[in-house]
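Only one chain comes next, encoded as structure tokens, the form predicted on its own.
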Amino acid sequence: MTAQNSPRLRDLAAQHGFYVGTAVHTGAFTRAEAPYCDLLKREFNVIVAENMMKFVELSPAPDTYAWNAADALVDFAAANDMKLRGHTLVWHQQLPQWVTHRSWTPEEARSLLERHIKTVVGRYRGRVWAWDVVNEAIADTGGYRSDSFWYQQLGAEYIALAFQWAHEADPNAILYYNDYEAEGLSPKSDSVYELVRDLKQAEVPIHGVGWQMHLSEGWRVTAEHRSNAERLRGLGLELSMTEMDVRLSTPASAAQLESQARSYGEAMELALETCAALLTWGFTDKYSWIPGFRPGYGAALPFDADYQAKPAYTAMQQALLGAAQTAPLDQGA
């Protein structure tokens, strides 16, 4: 199947005032691989760096910043009429060793984090649409993630401080809290809700919540997803699906691909009801993170390794068109 002559996702999304996007792989982008970049420009109206804007990538040494890749992505978005999400300012992973392999006083750690946030956000002020300010601060079972470097240095206060510093650096950027496995109803999603509710009540400048949506085969929208979306939106927060993929055991069968398509289609329908955007974490199986982290799984994205559209792409397209799912998808219901 080819998407070349079909309506582009970005054009269909624009008709809804909606954004459909993807994470950008550093290697494929910096090498300017033509099939990759051409499809990226064709289909999406918002992009996010998969890794280019993480602390370890931007600041490999003290008082040193490597801006080239991130700058190129910012320029690419502007040149192709795309919004850009920044990912991520504060996370417990992908920190440089010069940060994690020394001792800090609380005052030093606070100064380090403030300087990093204001340096990065300030550089791209007015050019980044939304930032994932704090990523994955909640533990899988609920409560704060106590093994986070930032939590251990500063306690839970680091979260509110990060949002405040990001807002000071760019008052017009949309500021998000982002996390995984928090889209349904669970102790973890309850803790996410309580965190962002408390931030809002304290008048901390937080504007949105990101559902990562790293899913497995068979995922379906339930009433819990709508209930969770409703309570978050009830706080006056924007909601986005920020990192979606649907992993399959490999090699994937035709039936698995149709089931996956249903997941993508239902997610898109829910996003159109409740969210500002849906972004996949990559778009081609050629550059998916899944096989490297979950051996035996893959085929998680809307395009295969040869850049051919999969049923998942068609399901997203159909949802954007506002049409019913096709017969092959209904057969798997």
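One-based numbering along the sequence shown. Not measured: the values here are computed from a predicted model.
One more form of this protein, predicted in complex with a small molecule, exists but is not displayed; see below.
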Counting only non-hydrogen atoms and a 4.5 angstroms cut-off, does residue 116 reach the small molecule in the model of the complex?
-> no
Contact test in the model of the complex: residue 152 vs the small molecule, heavy atoms, 4.5 Å | no
Any non-hydrogen atom of residue 281 within 4.5 angstroms of the small molecule in the model of the complex = yes
Might residue 93 be said to contact the small molecule in the model of the complex, defining contact as any heavy atom within 4.5 Å?
-> yes
For the chain shown here without its partner, which stretch in 263 to 271, 28 to 36, 296 to 304, 51 to 59 has non-hydrogen atoms within 4.5 angstroms of the small molecule in the model of the complex?
-> 51 to 59
Taking 4.5 Å between heavy atoms as the contact cutoff, choose which of 240, 135, 189, 148 touches the small molecule in the model of the complex.
-> 135
Interface residue in the model of the complex among 167, 225, 214, 110, criterion: non-hydrogen atom within 4.5 angstroms of the small molecule | 214
